[in-house]
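One chain is shown next in structure tokens, namely the form predicted alone.
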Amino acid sequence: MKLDKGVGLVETKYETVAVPPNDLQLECGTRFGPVTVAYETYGELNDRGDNCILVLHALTGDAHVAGWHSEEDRKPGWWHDLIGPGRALDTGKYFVVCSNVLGGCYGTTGPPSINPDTGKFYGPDFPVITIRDMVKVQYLLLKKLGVKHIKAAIGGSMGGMQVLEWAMMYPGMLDAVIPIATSGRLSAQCIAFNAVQRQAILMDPEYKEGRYEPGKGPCRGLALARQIGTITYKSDESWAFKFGRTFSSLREEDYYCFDGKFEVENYLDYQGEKLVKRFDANSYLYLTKAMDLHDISRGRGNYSKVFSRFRGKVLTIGISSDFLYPKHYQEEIYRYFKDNGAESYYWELESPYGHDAFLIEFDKMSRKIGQFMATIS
């Protein structure tokens, strides 16, 4: 691995984690497998197997959290500035792991994968999955990699949901958790937004009941779903600062054309088109449904008491301008962990960028996360 002001060249690796076939018990009752997991690692696992930091990605994220894949394409990972020698997640000390989630479309088994029983894409035949299923697969991966203990699990949004489930499912395996801009159970507002996004996909004639050709499918529906999601990831302040009421044409007569657009409309079009080029519509359906089902108390008893399962250190991070996951959800997580005996802390990221701030405010987050990691023995 080449190091150049942080993590340099990296490669995506693959592991089969559920062997033999049908070895993975999903929450929906289906026995499933084998499962291939795409993942990336940074730094070295020590001889004791106890210096791991697990990074969990959000809805349309992937395992490429740091570094770049080639000298020609220097597009860094989505948390590149947080990971590397001397950085908040210090690869000189820690073995950092990030894997693509079950149900996704970046190499880990999901709807676009081939069903070994039929030789065809799973598509809509893929089983309904949950955040807990994703975590179970991650656990199996770490065991295959030789990881015996985790210093910290960290992630934002859907990644934060996985962090919380790690604390519930494998509490003795972690020293600390850092859930960011997330909630212990999905709110009615978030479920509503997810439902409308799924309808945008399902109503596209090209969806064809989920049996569309690879590389084709409901492009307009997926783009619209992404546009809806993008609106929820920002704040009024960030929209106003970036676009205001700027009109895309300088010609006066275009202002009164029905198809004339403001720059904010062009931006939404761009975000929709960009996602269509890299993401699968069925995966979008399955992952948003998994988020809807997220509730760490489901089947475990009282919501405020279930936090007692984890007694390690907790740093919960809320975002001041987050419209999708308002900060009172993170304050709740902090409070319930603290009330149930964990060493729990809350930090509010002051930012105008809304929910997206955890993917933007690297300097502020690096300082706080680095300080917290320094307290973990």
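Because the structure is a prediction, the values reported are computed rather than measured. Residue indices: 1-based, along the sequence shown.
The form predicted together with another copy of the chain exists for this protein as well; it is not shown, and the discussion that follows is about that form.
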**Fill in**
Residue within 4.5 Å of another copy of the chain in the predicted bound form by heavy atom, from L275, L145, I191, L174, is I191
**Asked** Considering another copy of the chain in the predicted bound form, which of L268, V306, M169, L141 comes within 4.5 Å of it through any heavy atom?
**Response** L268
**Message:** For the interface check, one of 147-155, 199-207, 114-122, 86-94 should have non-hydrogen atoms within 4.5 Å of another copy of the chain in the predicted bound form; which one?
**Reply:** 199-207
**Close approach of P352 to another copy of the chain in the predicted bound form, 4.5 Å, heavy atom** = no
**Message:** Residue-level question: is G301 within 4.5 Å of another copy of the chain in the predicted bound form, judged on heavy atoms?
**Reply:** no
**Message:** in the predicted bound form, does H80 come within 4.5 Å of another copy of the chain, counting heavy atoms only?
**Reply:** no
**Item:** another copy of the chain contact at P326 in the predicted bound form, heavy atom, 4.5 Å
**Value:** yes
**Asked** Heavy atom within 4.5 Å of another copy of the chain in the predicted bound form: which residues of 12-37 qualify?
**Response** E27, C28
